[in-house]
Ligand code: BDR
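Only one chain is shown below, in structure tokens, and it's the form predicted alone.
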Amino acid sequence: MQSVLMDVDTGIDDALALVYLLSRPEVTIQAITCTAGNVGARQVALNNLALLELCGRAGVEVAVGAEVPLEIPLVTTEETHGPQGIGYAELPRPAGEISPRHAVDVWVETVRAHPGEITGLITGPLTNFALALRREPDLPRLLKGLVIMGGCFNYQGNTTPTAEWNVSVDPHAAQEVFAAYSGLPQDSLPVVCALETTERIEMRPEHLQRLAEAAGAGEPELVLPEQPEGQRSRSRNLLVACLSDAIRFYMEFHRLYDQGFVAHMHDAFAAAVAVGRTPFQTRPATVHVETGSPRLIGTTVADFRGIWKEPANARIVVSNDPGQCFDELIASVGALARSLPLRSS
């Protein structure tokens, strides 16, 4: 079995990452901690609880952590992910309750209780983990591993010309996290899934059609650019309908910014990396996060060649296999969806 502690700002691609991990029989999600990012932290928690219940996995602890970044005002992105963070999808209010524990307590207590067993997966801003490191500086040594979705290196940002969203929301937290890993053995350094490889995980209408087929849905799931904006899925499979409605919103957003009728599934790739289900290669580097310059704040710079004469603090993913990744996501999530009850017609 593999044990994962997720920290998310759910978020459409975070939602697919969570559903994917729930679909893996060998994966145990120890807990889900929530930070503000795509939407506010409490809405993130409600999204996670609702998705757990939709997938028949109620009972996983969902805890709220930081509701604002360490030093700068919070910026959220409902225009990208929808007013509740899951696009056009509408989920019932969950029956489950948000944990009384703070996310920092969850990180520290869980990892201390299972040294060397937990893989951390962070697909939102790094605020919660930075605060947990302040409480327990040995977290990098106590974790089995850490996978971060964030940053971009020698590549255009998706928030500013040089900054990726998760890092730009809380650059001070990102800088603290990378600093905490400086000088550790290479196999202990975080694996960083940055835009130059996550934007290759480009979901298209045919992927949603394949997902519905894998789920055994009776009708084709057609999410097409010529359809009216906001059209809703009629699938009787509730998980297929939820993902379809969420991802349609994301595709429409990407098209609005001249990227085509596609959706970049950054976080789903990071989830597959965290559990070793998709091939990738990394290069060690020293990562610096800019926190001072108004125009460059949130910029991530990687020294791959040792010019700064500082120890590496990250392993940056430099290659991946989008086709295999989508095969993995579709087969696994499709099998989970097939196992769930259908809604009445």
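One-based numbering along the sequence shown. Keep in mind that what you see is a predicted model, and the values were worked out from it rather than measured.
This next part talks about the form predicted together with beta-D-ribofuranose (BDR), which is not shown.
Put simply, Met149 is close to beta-D-ribofuranose (BDR) in the predicted bound form: some heavy atom of it is within 4.5 Å.
In the predicted bound form, beta-D-ribofuranose (BDR) sits within 4.5 Å of a heavy atom of Asn38. Contact check for Phe178: no non-hydrogen atom falls within 4.5 Å of beta-D-ribofuranose (BDR) in the predicted bound form. With a 4.5 Å cutoff on heavy atoms, Asn166 counts as touching beta-D-ribofuranose (BDR) in the predicted bound form.
Of the candidate stretches 106-114, 211-219, 266-274, 93-101, only 266-274 has residues whose heavy atoms lie within 4.5 Å of beta-D-ribofuranose (BDR) in the predicted bound form. The contact with beta-D-ribofuranose (BDR) in the predicted bound form, taken as any heavy atom within 4.5 Å, belongs to Asn158 out of Gln84, Asn158, Thr119, Ser235. Shown here without beta-D-ribofuranose (BDR), the chain has Asp13, Asp14, Asn38 in 12-41 lying with a heavy atom within 4.5 Å of that partner in the predicted bound form.
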